[in-house]
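First, one chain by itself: the form predicted alone, in structure tokens.
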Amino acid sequence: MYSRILMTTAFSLIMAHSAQAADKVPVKLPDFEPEQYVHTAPTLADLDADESIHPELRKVIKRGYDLFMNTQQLRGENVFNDMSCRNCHLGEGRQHWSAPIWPAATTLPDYRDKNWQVNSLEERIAGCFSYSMNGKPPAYGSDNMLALVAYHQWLARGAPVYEKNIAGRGFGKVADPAQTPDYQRGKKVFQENCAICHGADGQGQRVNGVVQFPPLWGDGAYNWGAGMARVDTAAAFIKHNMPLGQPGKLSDQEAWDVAYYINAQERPQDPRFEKSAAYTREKYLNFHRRTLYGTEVNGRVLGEHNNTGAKPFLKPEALRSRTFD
């Protein structure tokens, strides 16, 4: 009961702060283009009401939902930081402009330039575990992987296969900033808008040991190979989703500045690390040209370390190469 009171109080204070700010700043999200496919993902209530779903399948989908919302239950086995799937994919994975997860079920298998090969839906999920959760994925074909795939596919119900002109897919884009993103400006934006949830030190907040708001850098955050480590990706997520309850509040420049500040902080090593940060950056420049990894910020080369966080290994076996040559 005490834990619940603390959680409710903390959330209420944050949402009250958000509501006050929202009264002063109009919220604006990108409009959908007329020709785009707009999908309304089903909810768990829809799942319960659908009598055509076999009870066993319903159980599996609900297990996938549970894993998605509380991936920390796999900590020490598949997750080695403080993240859950829902931290990046808001609204139960259904929300537009918050990388809704259902398109992965309708557009994969497909080629990804992150690893230069065709990826399945399971491999896409495996990438999130390997990078965003600094861990290793559930085994392909395992009960937990099946459950996560089932939840993705349930959310995609009714959507056309291989439709790529999808409204609200990913995090969207933010216009190029008028000024080069700046560390000190970003720090100020962070202190004024982000610290209330993520802490002044960026290490998030816990209530009785349970993560309520995730860390944004350090051992508990996503590693250097995560998509959110790309400054433009983080800027788009922040612009269209943050501060919590106030999407669109920050200006484009503020979103770029705070994304730069957050991603100029250290975090666990990229699982693809070889030799040095400079070597790894160059080898995976298709990805890292959009990160600060291997570059010097405030007199320090980011990523030049052997720290894998709480994870007792560097590269999970799931990050394998495939070729049909």
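From 1 onward, residues are counted along the sequence shown. Just so it is clear, the model here is predicted, and its values are computed rather than measured.
In what follows, reference is made to the form predicted in complex with ligand HEC, a form of this protein that is not presented.
Novice: At 4.5 Å by heavy atoms, is each residue in I101, C197 and P215 next to ligand HEC in the model of the complex?
Specialist: Looking in the model of the complex, the three residues I101, C197 and P215 all sit within 4.5 Å of ligand HEC (heavy atoms).
Novice: Of these, W97, Y222, F80, W154, which has a heavy atom no more than 4.5 Å from ligand HEC in the model of the complex?
Specialist: Of W97, Y222, F80, W154, the residue with a heavy atom within 4.5 Å of ligand HEC in the model of the complex is Y222.
Novice: Taking 4.5 angstroms as the cut-off for heavy atoms, does I61 touch ligand HEC in the model of the complex?
Specialist: Judged by the heavy-atom cut-off of 4.5 Å, I61 is well away from ligand HEC in the model of the complex.
Novice: Does at least one non-hydrogen atom of I238 fall within 4.5 angstroms of ligand HEC in the model of the complex?
Specialist: Heavy-atom contact with ligand HEC at 4.5 Å: present for I238.
Novice: Residue-level question: is V174 within 4.5 Å of ligand HEC in the model of the complex, judged on heavy atoms?
Specialist: No - in the model of the complex, heavy atoms of V174 and ligand HEC never come within 4.5 Å of each other.
Novice: Closest heavy atom of N87 to ligand HEC in the model of the complex, within 4.5 Å or not?
Specialist: Yes, N87 is a contact residue.
Novice: Can you pick the stretch from 271-279, 27-35, 53-61, 256-264 whose heavy atoms fall within 4.5 Å of ligand HEC in the model of the complex?
Specialist: The contacting stretch here is 256-264.
Novice: Pick out the residues of 229-256 whose heavy atoms come within 4.5 Å of ligand HEC in the model of the complex.
Specialist: Residues within 4.5 Å: R230, T233, F237, I238, M242, P243, L244, L250.
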